[in-house]
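Below you'll find only one chain, the form predicted alone, shown as structure tokens.
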């Protein structure tokens, strides 16, 4: 776990890390000091500060936090805050790092968010297998209660380990006792969420950034990043680099500089996946010059998303990697929207046929058509994400897919998978 040391002004979020252990309250306060009191920074001042900072959500959608805070404040009824630490992307590790090692920074952000929307109650959500996060959060809350530093009532919630668990409406459903299934919007959680109350749901990295903005100010925060995307970003780097892990970078950092901070590449590349399993495959040629910001990546049909970056080694087969993830995503649908259920299954099944050299003559035309028709055909963005992931793979690795369609599996198909995901239990639907 590291920061991109070549950037002046970093680390920020990760400045208090302590060798893989939870940063206790004393060390946290030594590093950052106390939060401004309500008299020093009331709800109106906090909302203005967030707006001037340009802070956007770090869960993937990059939605302006000030807009979300304002929507919850304007809604009718007692508000509640949910800190979303359900790291649905299997290759992303940033939220787990924050919850395990820097829980006080996250909880500071939750306290501030509750102040901004007038909430007396907050829930910190994480996935059930993340026992390290649970232990750190319990210890941190115990320390904070002993010092009486919070005015918010905190509770913890363990969500199912599912790809859709972190989707906002699916998380609301679980907290209310239902399954992890997204619901159609409107209404949005900001109007009617947990217990039918106005609900602010923010990713834990966003809340950790809020804790820094409140202490150091909007101008300080904007010293890093770009005009459109301010501050720093946690990136999970995996694959063919010497030192995989979580890195803190400035928005706009070239991908080559991130590779260098990780000790450089450990092999030649077949390609790079940016943005996780809803992300984009990009060709290896010239990838080092790509700037890690949504604005810059948008010119290549990509986005930072959850901040996961995978350098796929040349020895691996991009067709096999893509097919495995497509099958996984097809099994992770909520099972409630017909176009998604049948469409994702058809894409995964056809891709598998291509990989095995058993595809029909219309396979590539079918995949292109389904990838164009599927987005927007459900209650959430699951079909959109799978369609985009597959479309970029077919474009970036067109020769490899064509070769598999003619000849079947290649030598690289037997390589150890780089893109991994949780294995379903026998009882899992």
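Quick caveat: nothing in here was measured; it's all calculated off a predicted structure. Positions refer to the first chain, counted from 1.
Heads up, the form predicted together with a small molecule isn't pictured, but that's what we're talking about next.
**Q** Is it the case that residue 68, even though its partner is missing from this view, gets within 4.5 Å of the small molecule in the model of the complex, heavy atoms only?
**A** Yes, residue 68 lies within 4.5 Å of the small molecule in the model of the complex.
**Q** Counting only non-hydrogen atoms and a 4.5 angstroms cut-off, does residue 81 reach the small molecule in the model of the complex?
**A** Result no; residue 81 lies far from the small molecule in the model of the complex.
**Q** Report yes if any heavy atom of residue 168 sits within 4.5 Å of a heavy atom of the small molecule in the model of the complex; otherwise report no.
**A** Flag for residue 168 set to yes.
**Q** Flag residue 381 as yes or no: does it have a non-hydrogen atom within 4.5 angstroms of any non-hydrogen atom of the small molecule in the model of the complex?
**A** Contact with the small molecule, yes.
**Q** Report the stretch among 362 to 370, 57 to 65, 44 to 52, 30 to 38 that approaches the small molecule in the model of the complex to within 4.5 Å, counting heavy atoms only.
**A** Partner-contacting stretch among the options: 57 to 65.
**Q** State the residue from 253, 88, 236, 230 whose non-hydrogen atoms include one within 4.5 Å of the small molecule in the model of the complex.
**A** Contact with the small molecule in the model of the complex is made by 88 alone.
**Q** Name the single residue among 98, 273, 201, 116 that comes within 4.5 Å of the small molecule in the model of the complex, judging by heavy atoms.
**A** Checked against the cut-off, the match is 201.
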